[in-house]
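What follows is a single chain, given as structure tokens, in the form predicted on its own.
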Amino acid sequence: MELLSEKGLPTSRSEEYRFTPVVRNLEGIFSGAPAPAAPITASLDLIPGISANLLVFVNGRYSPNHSKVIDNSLTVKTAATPAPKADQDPFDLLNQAFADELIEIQVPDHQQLVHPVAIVYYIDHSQFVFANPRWSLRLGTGSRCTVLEYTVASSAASFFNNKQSTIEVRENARLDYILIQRGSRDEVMVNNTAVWLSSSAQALCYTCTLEGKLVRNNLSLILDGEGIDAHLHGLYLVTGQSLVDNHSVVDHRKPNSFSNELYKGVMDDNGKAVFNGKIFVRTDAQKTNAFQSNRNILLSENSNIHTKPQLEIWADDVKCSHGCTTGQLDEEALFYLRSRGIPKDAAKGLLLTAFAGETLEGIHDEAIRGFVESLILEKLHTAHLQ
């Protein structure tokens, strides 16, 4: 708290948060006392159709009673939170001030988990919930693991989920990381995730934001080795008064690695979105290939997007590119579908589904991909986007 007091929470005067007023949205509703863990009233089948190692946080606190590990090679234990550092993100310091434990997840060397690791944040309380879940994952050399994060919240829940996590991917290991944000309309979320990649590691990170009053995602990939293959895919469907802010960092520190980033957004009503993607190529990171793209569709006159792709290159033998597009639905494609007898709303839905579908192509687990597709279709339908 002393370090946080010195640094302060970011306001609109901060360049990194000038479009995302997290503090202003918390004023008047914030309570420093975390809500107690409540009994889960819903079925334990929190993610239908997916058999997984289930790690459940109830109102921000890890609940062993609701968690279940089914892969013998997976280890989950509770540890003390690490010592804070002055250069940490302010929301990371806030988390450490209130989090009294760190959940450590470990996959040993040369193991391929049969089932994904599903980390579920369950929010159900009549009062405002201030949740500070914190976990870390170490994926051993030559191992493979799929991690799925998912939020389940009661319709009346109002909460601030300040989640912090770190993932270490060792040599020749592969990580599939899928984050699904589907809480409630009154949700405020800050999501800090840092992924450290060693030589010849692979990572596919997918972020899907479907609900929330204000959502801020900070995703950092540190490529600290050679021969690394990293992919970042993101999709955000923003309606009503929601604001979704995706900040990504891809930090190439060693030579001969590849990264590709594709984020797509659909904004309607008064929905607002922010995308700020940064690619760093350090002096020693020769022979780097790094690409970034952000594409957006605005469906109403009141919706908007602030997009800022960035490249910072300190090496001279690299291939890098970035770009962004913002527009409306293709009128010619819409006219073509309508000329074939497809009603306007259905044609609109088909185009949006196809637009969103490209970001799902990298999800190899068919059950998870089908689950995500069903959530996207449900969102498009309930938001009258199809």
Partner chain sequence: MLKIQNLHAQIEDKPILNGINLTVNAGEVHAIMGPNGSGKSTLAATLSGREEYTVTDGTVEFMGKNLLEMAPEERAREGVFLAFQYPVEIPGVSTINFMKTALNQIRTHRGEAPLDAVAFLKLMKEKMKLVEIDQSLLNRSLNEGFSGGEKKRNEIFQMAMLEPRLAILDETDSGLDIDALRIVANGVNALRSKNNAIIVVTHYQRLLDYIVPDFVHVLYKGRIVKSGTKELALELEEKGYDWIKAGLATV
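Just so it is clear, the model here is predicted, and its values are computed rather than measured. Positions refer to the first chain, counted from 1.
Just so you know, the form predicted together with its partner chain exists too; it's not on screen, but the next bit is about it.
Chemist: Within 4.5 Å of its partner chain in the model of the complex, counting heavy atoms only, one of 65-73, 318-326, 52-60, 347-355 shows up; tell me which.
Modeler: So the stretch in question is 347-355.
Chemist: Should Gly341 be counted as a contact of its partner chain in the model of the complex, where contact means heavy atoms within 4.5 Å?
Modeler: Yes - in the model of the complex, heavy atoms of Gly341 and its partner chain come within 4.5 Å of each other.
Chemist: Does any part of Ala333 reach within 4.5 Å of its partner chain in the model of the complex? Heavy atoms only, please.
Modeler: Because a heavy atom of Ala333 falls inside 4.5 Å of its partner chain in the model of the complex, the answer is yes.
Chemist: Hey, in the model of the complex, is Leu337 touching its partner chain, heavy atoms inside 4.5 Å?
Modeler: Yes, contact at 4.5 Å.
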